[in-house]
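We begin with a single chain expressed as structure tokens, specifically the form predicted on its own.
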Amino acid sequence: MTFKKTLLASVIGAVVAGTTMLPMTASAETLRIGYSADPETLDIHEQLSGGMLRLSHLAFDPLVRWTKDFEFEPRLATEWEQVDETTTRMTLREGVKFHSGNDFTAKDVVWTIERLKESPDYRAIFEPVAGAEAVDDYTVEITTTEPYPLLLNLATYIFPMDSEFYTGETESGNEKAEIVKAGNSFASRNASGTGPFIITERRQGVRVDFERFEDYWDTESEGNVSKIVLTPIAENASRVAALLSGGVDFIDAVPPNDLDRVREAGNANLVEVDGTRIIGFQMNEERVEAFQDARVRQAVDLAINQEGIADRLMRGFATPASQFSPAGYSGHNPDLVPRYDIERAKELMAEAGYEEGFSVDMIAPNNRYVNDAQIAQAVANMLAQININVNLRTMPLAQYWPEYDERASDMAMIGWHADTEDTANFFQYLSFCIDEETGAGQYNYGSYCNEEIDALVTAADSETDLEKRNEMLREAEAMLYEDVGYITLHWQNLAYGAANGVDIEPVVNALDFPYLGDLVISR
């Protein structure tokens, strides 16, 4: 513990002093990263989080991955075809090696899918998958319990693991394949993937070292990074200072108040990416009778200036939203736009019999989303214009989630990123009628219920004609827009900073999983 604190302090201290004291000297092929956090474990199935998915793209490869335009790019799967309504056949890339030296084959895909279905964090996502079978060494068939159009979406989460490497027992008699949450398992300490980088050293909370895998299959990649040193720097100011002083080459999560500072720096560049996490509010219809009236919900929506919040409070670090789905998602409806209209909002309040307004309690976190507490205060001020008086309480995330789960306030802030990068996921968690048995509406704080919308989205999830499915989801977005089952504010953007010569723009994306194997450094 003493060593851990001393090393991190020396790194950040050197940054403040304007010098570089990281153990590895930067070169044209060495990338020094300052991320807000490091991977929680080396077991990619132990924790479903952004940090772990970033690690997955460094040390492992998915069957397919997303492009910037949300298309599917072949990786370890080179081709795929729909055999029947519930079976997809995938052709796998030949000649691929794991870091251990073992050959990659279909048995590793089958083994990985079976493990994903056992993972506490992934099994809900993989519930539609009935199983997988190796047809031969380089062909695998994946079956679903019913027609399921999102199998390729799920394939972006399938990073084949080295089944031979992870099979057997440790010296202490534990299964190498076991998944232990926050535990000390074989898989949490050892990794063998097919990815562009091998993990050579890891000190939790201090640094992770990577080296280029000499036998990496993707010889067409222009990426020239041979070594990576990842240092977690949680504090925003220290992370930005590390970049601007030359202590690191690449950082994530540049905060809004430092965007101009990085943008105008002579030795660094700012790269902004439109995000896909929706930020908004839910109205508790069980506690506030007025919220059961669609006219009141519409008035609340009309009273909030999404574009003003994105422009002034977020300093352009957000894209104003009027629906769940960002551009590129299956159900994104280009006809739906923000509709701030305070006079119409007042008219609707009067029509509904609430011209004199009412009072509500509102809760929001103060350390989860970018400027979350300030956003909540701005929304409270806007609602005052239609005589809705807001008693706002903000709190740390550790306190917020228990309060949120109790649904004991009248309005609550929540942000949501769709795990499947698909429109239906937003509806299923945030606006579906609550069903404790199926888990539908698990995060529907306001108990909003529109069975017609639910039926449309449910039907879309069994529609294998993707254009028909997209049209159904676009219609669902339009219906929710009119019924206002969720108050959308904006999609929270992403911002990265990189030193001159570190061409980060082509490898970052809205998913926040940089493809650093393809990164080119030229300086």
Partner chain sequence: MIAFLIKRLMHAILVMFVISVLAFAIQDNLGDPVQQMVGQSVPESEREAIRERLGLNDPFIVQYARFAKNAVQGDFGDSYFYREPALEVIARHLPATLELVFAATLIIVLFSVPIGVYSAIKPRSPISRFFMGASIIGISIPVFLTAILLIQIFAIGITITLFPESTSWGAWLNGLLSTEGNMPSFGRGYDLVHVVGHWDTNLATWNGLQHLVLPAISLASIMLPLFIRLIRAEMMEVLQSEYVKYARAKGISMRRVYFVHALKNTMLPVITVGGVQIGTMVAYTILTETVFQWPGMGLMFLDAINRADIPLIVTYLMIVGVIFVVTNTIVDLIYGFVNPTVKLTGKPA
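Residue numbers count along the first chain shown, from 1. Everything quoted here is computed from the prediction, not taken from an experiment.
Omitted from view is the form predicted in complex with its partner chain, to which the following refers.
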Using heavy atoms only and a 4.5 Å cut-off, decide whether all three of Glu264, Gly275 and Glu505 touch its partner chain in the predicted complex. no
Which is the contacting stretch out of 88 to 96, 107 to 115, 170 to 178, 224 to 232, given heavy atoms within 4.5 Å of its partner chain in the predicted complex? 224 to 232
Quick one: is Phe72 in contact with its partner chain in the predicted complex, heavy atoms, 4.5 Å cut-off? no
Indicate whether its partner chain has at least one heavy atom within 4.5 Å of a heavy atom of Gln442 in the predicted complex. yes
Check whether Pro334 has any heavy atom within 4.5 Å of a heavy atom of its partner chain in the predicted complex, and answer yes or no. no
Taking heavy atoms only, is Asp61 within 4.5 angstroms of its partner chain in the predicted complex? no
If you check Ser238, Ser163, Thr143, Gln377 against its partner chain in the predicted complex, which one has a heavy atom within 4.5 Å? Ser238
Listed residue that, although its partner chain is not shown, lies within 4.5 Å of it in the predicted complex (heavy atoms), from Asn387, Thr200, Gln82, Gln399: Gln399
At 4.5 Å, heavy atom to heavy atom, what parts of 358 to 376 sit next to its partner chain in the predicted complex? List them in sequence order, or say none. Asn367, Tyr369
